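The structure tokens that follow cover one protein chain in two forms, given apart as structure 1 and structure 2.
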Structure 1
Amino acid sequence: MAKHDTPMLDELEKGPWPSFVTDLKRQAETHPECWDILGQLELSYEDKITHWKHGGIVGVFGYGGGIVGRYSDVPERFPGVEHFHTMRVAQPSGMYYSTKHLRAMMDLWDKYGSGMTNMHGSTGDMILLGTKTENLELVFWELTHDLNQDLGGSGSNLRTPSCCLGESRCEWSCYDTQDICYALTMHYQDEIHRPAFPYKFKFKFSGCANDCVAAIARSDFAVIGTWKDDIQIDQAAVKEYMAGNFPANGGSHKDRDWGPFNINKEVLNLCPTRCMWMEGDELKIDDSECTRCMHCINVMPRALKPGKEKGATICIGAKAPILDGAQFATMVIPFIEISKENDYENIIDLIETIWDWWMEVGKNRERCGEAMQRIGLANFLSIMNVEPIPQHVREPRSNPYIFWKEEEVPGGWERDIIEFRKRHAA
């Protein structure tokens, strides 16, 4: 396969930042199909449209998900990418790999594919980019039998659950993210590999509100660690921060002089609910007003840490732009216990309540959050058997009308009004 002239792509190699174009040119020395990747991308830049065909179902025997079909619509010009399928490989919880395993994965992909990878995709999977249809079963066999690793989710199914490092590395994690991620991955193997939903559905597990896997922005079901009781305060350590003896932000800004630490400027005045203040040299917190945003803990990690009564907040319905544009997840369950002892039955019950409703009312290619928007949060909370609370309110009402269900009206004159409306409607 010949090299292609790529003047527009070559511009991306200029400047101080690493370039995928340089990486692909280097890869093309051993995998010539990468020249055709560059050539087709240059053509897409010229024509201002993609040259990957829309559609084309391809997979391995027994699985409906895990492989994203890619076909060029100009194969006569770029035969190396006539078919150039992507394989999603389920990542281990917390993305812990041994170097031995990674080398084995790369050897496998050098053998059967383009050698191009994405570590990691937004779903969480290891992405193996580019192989021919006839190689898919061969890769799958060696991946599962020799490397003991499975394909992830793709299509209208449960995508591969992903999580942060959790308690394995992070002192702020409020539950064992890795354990629940692995447990639900194993529990829902059928839902991962055999698409049966209106569209994709994602779990993501973050151990605290720092949300290192961006669950609140990218997952249909976000489990974000939090605590129910008071923030733990070490008043002696607060004094050390104020005296300048401890670096703020865990010393993460040591390469830049931000000046002396100012607790008012850097902590108290940045609290979203202004629930913190100083009384003399003691830090006070009105925990009933705290939103558990983690800012104060991030700035003064030696002085503050999450409370002892730990669990998670459940947020539902995030997505990237497809139909109605990007949206964050909506907080539905403010606090729920996360316990290994009951095999996460309370979390599974919530998930399957959502699925039962969504699979009945969801339209084709409508994410769970879009269905929630369509039917309204009040109706969704009723389906979930969740009592509305002030934290569910995003903004004040924009119209004066309140509609009551008949069973919500206690009787008396209210009941008379309903009967009057019924008679006149008849």
Structure 2
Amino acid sequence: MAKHDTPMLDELEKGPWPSFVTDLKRQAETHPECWDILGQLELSYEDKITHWKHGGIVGVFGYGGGIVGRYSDVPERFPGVEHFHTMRVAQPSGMYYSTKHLRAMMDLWDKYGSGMTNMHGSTGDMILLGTKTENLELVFWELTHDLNQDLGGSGSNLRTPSCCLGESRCEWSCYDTQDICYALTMHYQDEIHRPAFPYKFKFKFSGCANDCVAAIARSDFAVIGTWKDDIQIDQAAVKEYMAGNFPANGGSHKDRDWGPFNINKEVLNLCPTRCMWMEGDELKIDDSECTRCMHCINVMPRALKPGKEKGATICIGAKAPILDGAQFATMVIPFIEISKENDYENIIDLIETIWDWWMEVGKNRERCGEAMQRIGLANFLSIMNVEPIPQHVREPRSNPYIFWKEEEVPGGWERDIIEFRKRHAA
């Protein structure tokens, strides 16, 4: 594989942000197929269109996911990328790595792959980009035997679960996101590797309502940390913030002069329910009005903390627009305890209740959230054995078109028109 002229891509070596083109060229010194990645990409830059073919079902024996087949539509010009399959490798929860493990992964990809990766894919997996069909089983063998490491999900299956870094380095996390993410990933290996669902299904675990892993926007089953008691206040630290001794929001705005910290402007008046006020120099919170949005805690992390009785809110059914339009996940379970003591049994029960229903009624390529829309939230809550509460809706319906059930109406629906006409002439 020879070097190609890439005048357009060379323009992407300029500028202060690290250049993937420079990186590809460096890798091409030992992996000449990278010259063909660059060559084909340059051709796309000239033609303004992709040069990857649609499809190509490849995989390893026994798995229906984890590998995405990819073939060049100009293989004679770029033989190094004729096959360019992706392997999705399940990431450790929180995406921490020992260099020992990561180096071993890179050595494996040095041996069998193109030398390029994504750290990481959108769902969270480590993405190994570009290998040939004949290498797939060899990589999988070494991955499982030597690295004690498995593939992630692709296709209509449980996608590799992911989480924020949680308690590992965040004071706000209301449960151990890494542990439940790992435990459920292990519990559902079969569902990750063998597609049996109508479409993809994603779990994401965020430790608090800041939602750093975008669970509410991107997962069918979003577990978002919260608490059910009162925000913990350190009044002495509140005074330090007001005196300007502690930086607001951890110092996140320090490259611009926004003036001295003003607790009214920055905290009390930005609270969505205005449930905070000052009494003298004491900060007061009416916790019964608090919606646990995290803003006050974000701004004064040394003075305010989530409550002590922590757990999570479960929101269900988020997805990107294809097909029925984008959906955020809908709040279904206001509060649930998350504890490794019970092996997350309560969460597993919820997940499997959804799956039992969705696998029965879901149409081909219908996400859980779309199926929820099709049957309606009230029906979905009934399937989940959840009593409807006002928190399930932003506002009550404004139309009167209620799908009454026959058993809800005294006497049922069977009536006799002849009897009716005896009393009511037509």
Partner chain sequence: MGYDPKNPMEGRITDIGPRSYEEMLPPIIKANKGKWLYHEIPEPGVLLHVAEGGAECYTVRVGSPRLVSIEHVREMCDIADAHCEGYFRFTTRNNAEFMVDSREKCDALIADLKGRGNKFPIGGTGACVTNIVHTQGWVHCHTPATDASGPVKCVMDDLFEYFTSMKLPAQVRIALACCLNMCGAVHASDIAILGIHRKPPMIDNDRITGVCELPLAIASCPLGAVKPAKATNSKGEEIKSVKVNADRCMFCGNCYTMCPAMPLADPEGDGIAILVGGKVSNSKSAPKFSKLIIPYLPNTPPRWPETTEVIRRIVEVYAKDARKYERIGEWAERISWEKFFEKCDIPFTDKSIDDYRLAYDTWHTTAQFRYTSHTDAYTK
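In this text, rigid core is short for the largest set of C-alphas that superpose within 1.5 Å between two forms. Here, a residue number simply tells you its place in the sequence of structure 1, counted from 1. Keep in mind it's a predicted model, so treat the numbers as computed, not measured.
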Which of these two, 1 or 2, is the form predicted together with its partner chain? 2
Rigid core superposed, CA of E42 - does it shift 2 Å or more between the two structures? yes
Answer yes if the CA of R365 moves 2 Å or more between the two structures after aligning the rigid core, and no otherwise. no
C-alpha of A28 off by 2 Å or more between the two structures on rigid core: yes
Rigid core fixed, the Cα of P7 shifts between the two structures, in Å, by 6.0
Backbone CA shift between the two structures, P18, after core fitting (angstrom): 3.6
